[in-house]
Every structure is written in C-alpha cells, then in structure tokens.
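Single chain ahead, by itself, as structure tokens, in the form predicted on its own.
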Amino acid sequence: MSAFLSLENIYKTYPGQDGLVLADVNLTLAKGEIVALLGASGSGKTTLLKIVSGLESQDKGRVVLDGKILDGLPPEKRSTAMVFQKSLLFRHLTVAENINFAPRLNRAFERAELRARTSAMLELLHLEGYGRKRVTELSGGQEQRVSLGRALMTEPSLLLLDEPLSALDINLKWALLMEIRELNVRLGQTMLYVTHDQKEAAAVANRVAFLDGGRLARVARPHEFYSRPLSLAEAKFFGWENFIPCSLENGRLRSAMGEYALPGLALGAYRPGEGYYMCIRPEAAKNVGSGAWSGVVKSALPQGLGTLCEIECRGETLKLVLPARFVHHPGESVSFDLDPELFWVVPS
C-alpha cells in the first residue's frame, strides 16, 4: 500500500502537562482510504488531527501529504479541510453561501462555474432546494451536511473530521455515517476521522488506528479489534467484559472457567506459563435455560433485545448478555453454555 499521507515519528507535549501527549506516532493512509483515529478522551486523537491540519505543530517528526512535507506550512497551504463537532456555519448566510464561501472569497471560479459547482454539491449532499435557506432553518444533520459541503468545495487532498456526528441523535448519526461512506466512494476522498465511539469507527473506516495514552497501539481492520485484541486495554475498549486470570500450558488455556484450545489462537506468539487473561465477550452466552453451566444472577439490566446480567459462576462474576425473552431476577439460578469462538487471551 503506497502512502498518500505519512505521519512519521510524531511527538507532542503541551507546556504544564506531565508526559507526552503524543509519543512516536507513525501512521500511513492510502489515497481514497478512510482511517478512524480511535481512543478514549485524552488519548491524543484531536491533537494529532490538528497537527495534520496545521492548527498545531509537533515537537518532533514530520507530516507528508502526497509527497509534500507540510511541516511549517499554515493550514491554508496544506490542501486539507476540517469538519468539526459543531458546524461553525455563518448564521447570516444562506446554505449556498456557506458551501461556496471559500472559493467565492478567493475568486477561484467564474460566477457560472461557481453556481454549477454549488448546485452539484447541494445535490451530492441531498440538499437540493435548500440553497437559498438560512442555516438557522436547518436541522442538526442538515447543518453537518453543509459543513461537509463547505469543506469539500475546497477540493482538499485530505478531509479531516473531528467527531463530526457526536452531537446528533443515534438514528441521524448512522444515516450520516452511510453518507460519508458514500462520499468517500463517489469522490475517492481520503479521510482521517476522529471518534471515541468504537461502533462509529467500525461503520465508517477501512482501518482503525487505536491510540492509547498518546501512543499508537495498533492499526488494523475494525473487526480485528473486536475478535482478536492484542492487549488488556484494547480488549476493554472494544467491549470485552470478562477477564479471568489464566495460564498457557501444552498449547492449551487453563483458568477457573475450564481448559480450552481456543479457535484461531496463535499460541506460538505467547510463552507458556502464567500472566494472561482469558477474555470472554458478553455475547458468548447461548443455550440459556438448558446449558451445562450454571450460576446465580446478581444483577440484571435490560438493554432492549438483551439483558446484561452479572452471574456468579465458578468463583467468578461474569457479565453476559442473555436474550430478553427470558426474565431474570437477582438471586435466581440460570443455566447456559459459553461459545469458545467468543473467547480470547491477552497478556496481563
């Protein structure tokens, strides 16, 4: 994969803060790719995005876009455009005037071409008929479409998105995620997308770059994080709920939950002995009411199609999602099986 964007050995420290905000970050994007920067609050996601855009400068390292070193260049010279969490639109202008603001200000096109490009962008964003409306008449989702259009009208080599959908309700968020994917495909637009939402990252990105404490812990396809975490921090962030101390002996995993040869587990990557956690996804429960395992329900929290239960079992407290058709109350006994396909192991 040839690199269209290269972040090379990026370091960043803010005065008055202990430690590095970003430490030795190396990341490449191919042309036309969407990569999601994912991590908890304070992991350095937005800082890295600002360094790429020119709003911040790194202490060490360099940023290269399409063969051009960007270090020291102001934002307007970088061929990047950013979409923020808040739309930051000009409230006194129309939708069309917001979308074509930059090329209109810079006199980049003749009037006829500007009108044609603006009309095409409105159509691309499903905003036909909204060009003359004030942005104060728009919904939150429509405002973010206008923000996308304003960024794309500058024809950036790289589109930067800083949690652009976090202020929207869940249904609107997923609709706009699909539209962003559509824009990526139709325009071949390279995108670097910041989010703290694992599901959002998995839905929009070709690859996910997971930042943990300012360091780039892993870059992989979204499904790999959910099925094959490499660390305890990664497993916790991607929804694994049960972490049981275990050991590896003779190519098998041994814990209070039993002994297993895990499907697909690269045991050769780990040395035999102690110092591991057996991870079990909360969705691993099956055959509820007729399984070979049994435990006592400690708590039950309905979650729509399932109920998240804490179950005391074999000296451990397991968090498992049980089907909502079963009603569970604290103190009840429940039987179930666990699907080994939803087990994994990470170093402690």
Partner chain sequence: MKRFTAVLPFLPLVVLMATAYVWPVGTVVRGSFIEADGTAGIGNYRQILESYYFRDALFFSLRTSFLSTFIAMALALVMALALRDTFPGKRLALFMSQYNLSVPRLAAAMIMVLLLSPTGFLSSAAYSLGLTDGVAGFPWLVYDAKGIGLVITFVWKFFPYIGLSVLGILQSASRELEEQAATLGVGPWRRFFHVVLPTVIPAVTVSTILVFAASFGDYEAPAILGSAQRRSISVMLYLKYVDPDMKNPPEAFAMMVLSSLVLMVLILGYRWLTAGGARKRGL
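Residue numbers count along the first chain shown, from 1. Owing to the predicted nature of the structure, the values given are computational and were not obtained by experimental measurement.
Keep in mind the form predicted in complex with the partner chain is missing from the figure; the text below concerns it.
A.B. asks: Please identify, from 172 to 180, 80 to 88, 242 to 250, 120 to 128, the stretch that has a heavy atom within 4.5 Å of the partner chain in the predicted bound form.
C.D. replies: Partner-contacting stretch among the options: 80 to 88.
A.B. asks: Of these, Arg134, Lys199, His196, Arg218, which has a heavy atom no more than 4.5 Å from the partner chain in the predicted bound form?
C.D. replies: Looking at Arg134, Lys199, His196, Arg218 one by one, just Arg134 meets the 4.5 Å heavy-atom criterion.
A.B. asks: With the partner chain left out of view, which of His92, Arg228, Arg271, Arg115 would have a heavy atom within 4.5 Å of it in the predicted bound form?
C.D. replies: Contact check passes for His92.
A.B. asks: Is Asn106 near the partner chain? Define near as a heavy atom within 4.5 Å, in the predicted bound form.
C.D. replies: Asn106: contacts the partner chain in the predicted bound form.
A.B. asks: Does the 4.5 Å heavy atom contact test between Ser157 and the partner chain in the predicted bound form come out positive?
C.D. replies: No, Ser157 stays farther than 4.5 Å from the partner chain in the predicted bound form.
A.B. asks: Using heavy atoms and a 4.5 Å limit, would one call Gly258 a contact residue for the partner chain in the predicted bound form?
C.D. replies: Judged by the heavy-atom cut-off of 4.5 Å, Gly258 is well away from the partner chain in the predicted bound form.
A.B. asks: Please check if Glu224 has a heavy atom lying within 4.5 Å of any heavy atom of the partner chain in the predicted bound form.
C.D. replies: It does not: once the partner chain is placed as it appears in the predicted bound form, Glu224 has no heavy atom within 4.5 Å of it.
A.B. asks: If you apply a 4.5 angstroms heavy atom cut-off, which residues in 144 to 171 are near the partner chain in the predicted bound form?
C.D. replies: Stretch hits, in order: Ser147, Arg150, Ala151, Thr154.
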